[in-house]
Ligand code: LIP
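One chain follows as structure tokens, the form predicted on its own.
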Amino acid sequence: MDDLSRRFDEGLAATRAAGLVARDYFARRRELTVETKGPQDFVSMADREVEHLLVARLRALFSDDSVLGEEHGRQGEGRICWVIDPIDGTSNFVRGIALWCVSVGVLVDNVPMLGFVYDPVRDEMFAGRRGAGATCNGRPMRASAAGVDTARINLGFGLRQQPERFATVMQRLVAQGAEFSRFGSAAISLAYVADGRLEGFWENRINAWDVCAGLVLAVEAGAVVEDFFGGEGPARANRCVAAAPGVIAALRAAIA
């Protein structure tokens, strides 16, 4: 078994185990102390504990690898980097809205190679390996074949972005006949693009831990994806664009 295959197997198991812990916290969410890191930017003990469990497990298995987590930053300097969002969609999580997931991606020399997005409420594991396809609970995924006039595109937004730009993109998509939504979880959105449930996802400025895993899924399922990392690594925020082949031109026109 090559090193990447071993990381795929161990990453899959670790992500699932972390998701079950997160699901238990979700069931007991009214007991959690919720803090804010900024306007509409929530964090709870569940986020920190799930990330701690993932980091401890993965670093015990792969001590030479580095880890980048949303809550605790980067640890190590290895060329293989695990990029972790312990609960993507925390705002939904703390409100009791079941649109959140555990997201774990793997970069090798700043190229996304493995991705795991686990929705423990629905028990859906989205997993992909660069060059080997992407699956949902073992079933192969393919991006949608829809055109823009039957498309639904998920739009991401944060308060550090310009609301006018978000509104302009939304208006341009609607003018082309598309529908839009906003889930509050980029990782779930990208997994749904990979599985043909959505035709696209865009957010103008987002962090690597939100999208690393989902980008692997989308690429491997046949979606068109912009190069988020550009060889520069996971430290910087960037624009994220992913769409089904029949919709990418319309999405690019809307965000131009």
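One rule holds for the numbers: they count along the sequence shown, beginning at 1. Note that this is a predicted model, so its numbers are computed, not measured.
As for the form predicted in complex with L-MYO-inositol-1-phosphate, it is not shown, yet the points below apply to it.
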Which of 89-97, 167-175, 145-153, 121-129 lies within 4.5 Å of L-MYO-inositol-1-phosphate in the model of the complex, heavy atoms considered? The stretch 89-97
Among 10, 15 and 48, does every residue place a heavy atom within 4.5 Å of L-MYO-inositol-1-phosphate in the model of the complex? no
Please tell me which of 220, 70, 65, 195 lies within 4.5 Å of L-MYO-inositol-1-phosphate in the model of the complex, judged by heavy atoms. 70
Taking 4.5 Å between heavy atoms as the contact cutoff, choose which of 186, 114, 134, 102 touches L-MYO-inositol-1-phosphate in the model of the complex. 186
Heavy atom to heavy atom, is residue 206 within 4.5 Å of L-MYO-inositol-1-phosphate in the model of the complex? yes
Look up in the model of the complex whether residue 158 has a non-hydrogen atom within 4.5 angstroms of L-MYO-inositol-1-phosphate, and give yes or no. yes
Please tell me whether any heavy atom belonging to residue 139 falls inside 4.5 Å of a heavy atom of L-MYO-inositol-1-phosphate, as the geometry stands in the model of the complex. no
How about residue 79: is it within 4.5 Å of L-MYO-inositol-1-phosphate in the model of the complex, going by heavy atoms? no
